[in-house]
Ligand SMILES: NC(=O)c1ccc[n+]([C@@H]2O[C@H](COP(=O)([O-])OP(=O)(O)OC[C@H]3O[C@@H](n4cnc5c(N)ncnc54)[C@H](OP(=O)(O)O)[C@@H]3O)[C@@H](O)[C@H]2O)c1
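Take a look at this one chain, the form predicted alone, written out in structure tokens.
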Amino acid sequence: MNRRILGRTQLETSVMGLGCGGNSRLGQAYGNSESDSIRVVRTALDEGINFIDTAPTYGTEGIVGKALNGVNRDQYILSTKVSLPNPSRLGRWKDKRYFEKNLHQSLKHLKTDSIDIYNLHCVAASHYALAHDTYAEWLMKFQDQGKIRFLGITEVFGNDPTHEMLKLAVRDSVWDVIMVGLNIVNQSALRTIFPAALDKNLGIQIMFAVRKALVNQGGLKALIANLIEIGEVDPAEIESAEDPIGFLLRPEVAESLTDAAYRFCAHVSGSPIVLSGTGNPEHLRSNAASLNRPPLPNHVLARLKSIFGRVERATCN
């Protein structure tokens, strides 16, 4: 698996990160046993994938911890998260305890003394000021204690496809890593988030590279029809309503829609980690192979930008 440097963290990471959430949650969402899911994590390590992203809300921290038991700590990079406390239920005097409790639970589940990237999870634009002005300062105290190495922040891409929260976050210097939604259809982050992130040398995790509408041609065809209807795709850019992305699936371009989608994200500026989640070892190997392949041809990238360059309201989920 190809490696790259994750922004100013200077962590050497695999291009593919194993996403332990999403629709699969290491297969736990559709019936995998714990041993099945542990096998997925270990397959990732065997494939040279050293970046693992999880969260308490995914229910997979414990599985990750068991899968990594006995593996040298310098062989993998751990990213996990903490959701913001609900201000209506917690007074500020309790919030510090909330963060301390959640961090210690994650450390216990992951069977480690330190977490490489600790992210504030699913932060909305309306909560950003509190996240930056108060919570980030508290989390930095855990850095001083050696329990976390770098601070990250993740957007709620499903509800915030225009990246309003991250537009605020990339202006600040407190975050070392951001998690952003990006895919072939919604390329808006390349205009609105990446330039500022690159200027600050932030590490970038990409989520939503492949979701439901990018698994098969039928799903993408339906999405394109909807985007034409709401005015975010110009029908004149589409060769055929019946085969709107045929140019992308020619044998000399990509092996599949999924292959093209991963390669599109893997080679954007910023040397990002592209998260990929699955509960199946063979599926994992296939995704890893795509993320190791060369970029899509320049004329194909130009065509994708021409078709989808104005899209802001789609997530492909």
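No experiment lies behind these values; they were computed from the predicted model shown. The numbering used is simple: start at 1 and walk along the sequence shown.
Beyond the structure shown, there is the form predicted in complex with this ligand, which is absent from this document and is the topic of what follows.
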**Asked** Is there a heavy atom of H283 no more than 4.5 Å from a heavy atom of this ligand in the predicted bound form?
**Response** yes
**Request:** Decide whether N23 counts as a contact residue for this ligand in the predicted bound form under a heavy atom distance cut-off of 4.5 Å.
**Result:** yes
**Prompt:** So in the predicted bound form, does L198 come within 4.5 Å of this ligand, heavy atom to heavy atom?
**Reply:** no
**Message:** in the predicted bound form, is there a heavy atom of this ligand that lies within 4.5 Å of any heavy atom of V215, even though the partner is absent here?
**Reply:** yes
**Request:** Would you kindly say which of S271, N292, N50, T258 lies with a heavy atom within 4.5 Å of this ligand in the predicted bound form?
**Result:** T258
**Complete:** this ligand in the predicted bound form has a heavy atom of only one listed residue within 4.5 Å, and of V170, V210, I224, I204 that residue is V210
**Asked** Among 106-114, 148-156, 69-77, 235-243, which stretch sits within 4.5 Å of this ligand in the predicted bound form, heavy atoms only?
**Response** 148-156
**Asked** Taking this ligand in the predicted bound form, which residues along 270-307 bring a heavy atom to within 4.5 Å of it?
**Response** L275, S276, G277, T278, G279, N280, H283, S286, N287
